[in-house]
Each structure stands twice: as structure tokens, then as C-alpha cells.
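Take a look at this single chain, the form predicted alone, given in C-alpha cells.
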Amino acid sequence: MSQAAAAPAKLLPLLSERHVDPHAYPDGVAFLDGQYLPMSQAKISVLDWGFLHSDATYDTVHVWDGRFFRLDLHLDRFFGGLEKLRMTIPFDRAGVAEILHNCVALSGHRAAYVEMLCTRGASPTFSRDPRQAINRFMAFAVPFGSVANAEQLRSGLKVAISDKVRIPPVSIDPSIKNYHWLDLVRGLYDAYDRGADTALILDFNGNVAEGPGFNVFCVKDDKLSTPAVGVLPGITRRTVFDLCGEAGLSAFAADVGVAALKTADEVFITSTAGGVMPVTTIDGAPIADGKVGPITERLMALYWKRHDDPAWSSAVRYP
């Protein structure tokens, strides 16, 4: 008898009845399958197309001082993404708004990052036909987080421009908020390697596009411009347009070249995760005098002031 034949059979590992998750999660509340759960209990299947294929859409809104900011606009974009991706959920706008309110109220957070999302879901038979998947809606509320920390908000962010190219709009409609972030993540690593805080990547024509989770504006001769092509039409970006209209400032969307950005008088980025945030260094060189500019400071103040305006915000119904 050979040595291989004489060796005892290797026992199979035990099959666990349930998963034990060893990871830590932020304090918050999620909604999943009709249930409100702690964040640590909100799970999706590894067979979900959202996980396997990044086949999902989402939107994020923030709560500040106990009030949602521009929730209606975020709901508009979310339901627009569902329609374009041919997804359906068992809730209308009012139903989704109620779920978001409940997540925040149950979490107790007065400042929160709140997300609504829908994945393609999973097929009961593991079919490769997306029409066989059961779409799945989820939502959660966790503590508010910002792209820029307190010091960066005071002194400005250091940004590096990566040569990575954003997925072109002929491939993915950028108005559908999605999780196709590999180009953005690669750009982030480029920025970290160069000692920067975050990144901007390019569009298919070599102009500036956007960064991971934010749009960018530049100011030249008191006129504001922001990339027009291949970028998410951000809600904070739109808010800047609205604020500029009220303040009598000129703001428009157009191609923004790398050289134009670097020679601007001021640069700032916009995101639900932080609002209006100054940029004072690009690729290691200062923007103008390297200080936060007056128009940026003005828009930052106007942005946060409007969070108390009932025309733009709505109160969370806490218990």
C-alpha cells in the first residue's frame, strides 16, 4: 500500500449555522427587509448583483443640527436613478423619506450621513439574467463625516491631479449615482503617494472631471466655473449655483483644463460629505497666495446658514 493511500482522510471543516462578524462598525441604524437594525446587523448576500457587479444606485443626504438638508433634491436623483436602471422598490417618495427619518430618529444622531440605496439584488437560481434578480432597497444613518477635517476646512486641502480618466458618460450616465469607483480609488492612491489629501481625475478629453465623492469649482476674476462633462450633477454643486444666483455671483459649467485650475484665484470642492471645502494646494503648488479665498469663505458661510431655512431643510422627528 502506498503512503498516499495509507494517509487518513482529511476531515472537512464544520459548517457554521450563522456568520459571526468580527468587524467594528459606526454607531447607527439601518433599514433592511422591513426591519430597523443596528449597523452591525445590516447584511446583504454575497450573491447580490450590487456586490458582484456594482449594479446599484444610491443617494446620500446629510442631517445637520437635527435637520435634513435639501432632501427633496436627493430623492429626485435617487428615483431618477432607479428609473434609468430599470429598478423598482416597494416605496414611493414619501415612504422612502419616512424610512430615512426613522433611521436618523432611532439613531439619535443630530448630525448624520444618511444613505438610501437599491441593488439589483440576487436571483433565487443564480441566473445571469438581471431581469430575474429581486431588487433590494436599503437605507442607513451613521454619524456625519466630511471629506475635509476641521484643520483642512481652515487652511485648505492639498489636492493632486491624477492621470486616471473618469468613466465616460457614454458608458455610464453620470447622473445615476453609482458605486463605480475604481478610477477614483486609483486616483486617491496616486494622491496619497504624492503627499496630497485627496485627488481629482480627468475626463476623456484630458480636462478636470471630479474627485472621489465631490465636484470641484475654480474662481477666476470673481467668476466661478465647474466641469460640465462626465461628472455627477452633485446636489451641493447645484446648491452653489443657487447661492451664487442669490449673491449676484457668476457661476457656470464648462470645460476646466488642468492649467486653468492651477492658475485660478481660488479653488474649492463640494460634497454632501462636508459642504463647500477650500483647496489651497494642487500638485504641491499653492493656489494664488495659498490661503482660503474670500469667495470660498463667503459661500461656506452662506451654505451652512441655509441649513436652518425651512425652504431648504426639514426637521427630523426625534422621539
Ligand code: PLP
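Remember, predicted model here, so these are calculated numbers, not experimental data. Residue indices: 1-based, along the sequence shown.
Below, we refer to the form predicted together with this ligand, which is not included among the displayed structures.
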Partner-free chain; cross-checking this ligand in the model of the complex, the single residue of 64, 51, 36, 58 with a heavy atom within 4.5 Å is 58
Assert contact residue (this ligand, in the model of the complex, non-hydrogen atom within 4.5 Å, options 184, 116, 99, 224) equals 184
| message | Counting only non-hydrogen atoms and a 4.5 Å threshold, tell me whether 110, 143 and 145 all contact this ligand in the model of the complex. | response | no
Per contact check vs this ligand in the model of the complex (non-hydrogen atom within 4.5 angstroms), the hit among 84 to 92, 121 to 129, 231 to 239, 245 to 253 is 231 to 239
Exercise. Answer yes if any heavy atom of residue 137 is within 4.5 Å of a heavy atom of this ligand in the model of the complex; otherwise answer no.
Key: no
Taking heavy atoms and a 4.5 Å cut-off, does residue 215 contact this ligand in the model of the complex? yes
Given that the partner is absent here, does residue 280 sit within 4.5 Å of this ligand in the model of the complex, heavy atoms only?
no
Interface membership of residue 194, this ligand in the model of the complex, 4.5 Å heavy atom rule: no
In sequence order, the residues of 259 to 288 that place a heavy atom within 4.5 Å of this ligand in the model of the complex are 270, 271, 272
